[in-house]
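One chain comes next, on its own, written as structure tokens: the form predicted on its own.
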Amino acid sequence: MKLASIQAAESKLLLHTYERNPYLFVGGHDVYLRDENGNDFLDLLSGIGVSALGYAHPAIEAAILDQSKRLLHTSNLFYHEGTANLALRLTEISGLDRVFFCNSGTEAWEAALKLARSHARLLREKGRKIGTKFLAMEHSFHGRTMGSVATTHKEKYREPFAPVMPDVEFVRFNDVDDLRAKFSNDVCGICIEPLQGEGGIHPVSKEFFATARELCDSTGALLLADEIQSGLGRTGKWFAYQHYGILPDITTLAKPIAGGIPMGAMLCTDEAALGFTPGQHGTTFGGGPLACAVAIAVLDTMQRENTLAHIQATGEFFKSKLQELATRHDCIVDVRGTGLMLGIEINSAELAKQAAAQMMERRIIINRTSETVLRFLPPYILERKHVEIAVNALDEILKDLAAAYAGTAPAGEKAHG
């Protein structure tokens, strides 16, 4: 089928939940996606942070082939060899003790919220004074299911589904005074993305993160770190919280964990894990043999090839090139991020929209988040030559857009660029 026929079929058959870009991809290799006409696109988004090892990676292909020949599914009523092997790897690199496997980021976050509520219930049964409230952050994004969306800040995600889960209050991100003012014994959990993704690539400050840890420790509330986008190497460490030397009680993973096979995970301390007993939470497909096999292949490949060091070096180079770009274009107001989770903020939503679209026309895939931020979430195997291709293209695009705006701006009005 060609693009036009697929568009027509989807328009008739699918719920209208996405505004897709008009491109049909049929294959991929390394850091490139290939469209129906055989054109290769440099992918600096990796399926929104999913394809960590790029496309057609031999380790992933081998794991899929081997496991698919043996066993795809058992349900969680029985054992298979993958769950404990993967859980061991995740607990070793995270510093946490136990794992719950699921199928997506929002499922992992739902599990985290349920665990925090249930853990608080146990504390109340022991005579502790602790409530059911969550403190979440302004500009946060945790997913689209009902608990996740309740802790997501933007009204556009919550309002159509009101009333969402109650007992959530939003704190100004990185405002320590606001955090202290809103925290009380009513709170069972503080929800933080150590590096906000959908919110515009904003890192949590060390003081704010440390204060959240201190407040949770004072009452028995749990500190929840959403690492669905920033975790498993994206920032140059296995987890973004490791840049701060602060250990959460719960963290959540998904996107890159199984290289494109749907998978999520919630990790927690032994203390937090007391909140769940058999039957209180579960999943039919989570932690299945295929997803576990591929996730093990991803982690083992990253460790064998010292991928974290590569991410750190390539990320530093990428960020430095974006910072150089900012010195040449007044429309770039900030460059943010760590490792290979980077963003540049543009002073105009329309300019950012056009820049992202024109990058796509040049067969370079990025996206725009929080209206004005161009986001880069490339595969971990990205090389410097790919960075230079992308930055040079963006440089040319911003020059052209600045010239176009200068030609159309009314007299006396400063043009973008």
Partner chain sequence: MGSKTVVMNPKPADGEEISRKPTATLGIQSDTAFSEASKRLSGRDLCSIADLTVQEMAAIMELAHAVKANPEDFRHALDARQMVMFFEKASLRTRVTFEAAINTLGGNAIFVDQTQSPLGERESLSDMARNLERWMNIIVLRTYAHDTITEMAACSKVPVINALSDLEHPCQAIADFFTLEERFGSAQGLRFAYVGDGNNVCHSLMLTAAQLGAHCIVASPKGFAPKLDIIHKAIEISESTGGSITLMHDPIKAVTGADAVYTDVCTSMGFEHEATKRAPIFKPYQVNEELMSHAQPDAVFMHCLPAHRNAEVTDAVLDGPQSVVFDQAENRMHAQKALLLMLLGGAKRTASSRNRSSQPRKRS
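A quick note: this is a predicted structure, and the numbers were derived from the prediction, not measured. Positions refer to the first chain, counted from 1.
One more form of this protein, predicted in complex with its partner chain, exists but is not displayed; see below.
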With a 4.5 Å heavy atom cut-off to its partner chain in the predicted bound form, the contacting stretch among 266 to 274, 162 to 170, 134 to 142, 183 to 191 is 266 to 274
Three-residue site 91, 98 and 241 fully in contact with its partner chain in the predicted bound form at 4.5 Å by heavy atom: yes
Consider residue 249 of the chain shown here, and say whether it contacts its partner chain in the predicted bound form, taking contact as heavy atoms within 4.5 Å. yes
Should residue 213 be counted as a contact of its partner chain in the predicted bound form, where contact means heavy atoms within 4.5 Å? yes
Hey, in the predicted bound form, is residue 304 touching its partner chain, heavy atoms inside 4.5 Å? no
Is the gap between residue 126 and its partner chain in the predicted bound form 4.5 Å or less for some heavy atom pair? yes
